[in-house]
Ligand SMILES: Nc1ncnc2c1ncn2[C@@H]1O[C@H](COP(=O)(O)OP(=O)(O)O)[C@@H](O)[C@H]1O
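Starting off, we have a lone chain in the form predicted on its own, written out as structure tokens.
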């Protein structure tokens, strides 16, 4: 098996170490994420999702435990943290936290410029990244603080895409987007992943979008990693998820309800409407044959 592109061993992070109000945000998290994975991180507010992802490119340093990139400890003395941030790009939940230039174009160009790329390559990357997220060329010369919340988020994502990282980490990427823009962004992220064959890690409260694009899910609860595995395996544990305040995709719940009232030949877990449609049609065909 290939070396994990991201691995954490006993990853623990404590806030306010020097006070009487020490809080453990995440504790003893052990996960292996491989190249070409799309991993969704789910959990209720305060579960440690944002704290976890900020360790993946060294924005936070563990209180205990280790983070590895391609098998190398990112906090070892000979590891280059600056270069890591070009390879593992993080998009914050609030785009205002990473937008600071006087135009959107300059913000998107910031990463490639710091990579030492030539002007022509930077220009190309800005154009490709802006097109990827659906930013209109007309607003590229506007201030990122004069555009809508959705456009700010697209600009922040474009700034990471422009660096062409091996790992893209997105904290609630569809927050603030209307349903159509959300679906388009998810579609673009999935297609970019297929084309680039990179790793995508994202946090989300929306179980439908998790089911739509993730192949693995990490479940955090009070800072603990209580489940990690294939998406279909995680959502098949509906009772355990609801116990900690999470839900499952509506279509998954519909199929489970149908199985509970007697339609046992339906799959144990279905994640999308297309899968459900095929399963129900197969069931009807089977019932018709028996009549």
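Quick caveat: nothing in here was measured; it's all calculated off a predicted structure. Residue numbers count along the first chain shown, from 1.
The form predicted in complex with the ligand exists for this protein as well; it is not shown, and the discussion that follows is about that form.
- 45 is the sole member of 265, 45, 239, 260 with a non-hydrogen atom lying within 4.5 angstroms of the ligand in the predicted complex.
- Screening 206, 181, 131, 93 for any heavy atom within 4.5 Å of the ligand in the predicted complex leaves a single hit, 93.
- Contact between residue 51 and the ligand in the predicted complex is found at the 4.5 Å heavy atom cutoff.
- In the predicted complex, residue 25 approaches the ligand with a heavy atom inside 4.5 Å.
- Comment: 37-45 is the region of 37-45, 227-235, 247-255, 66-74 lying near the ligand in the predicted complex, near meaning a non-hydrogen atom within 4.5 Å.
- Taking a 4.5 Å heavy atom cutoff to the ligand in the predicted complex, none of the residues in 172-206 make contact.
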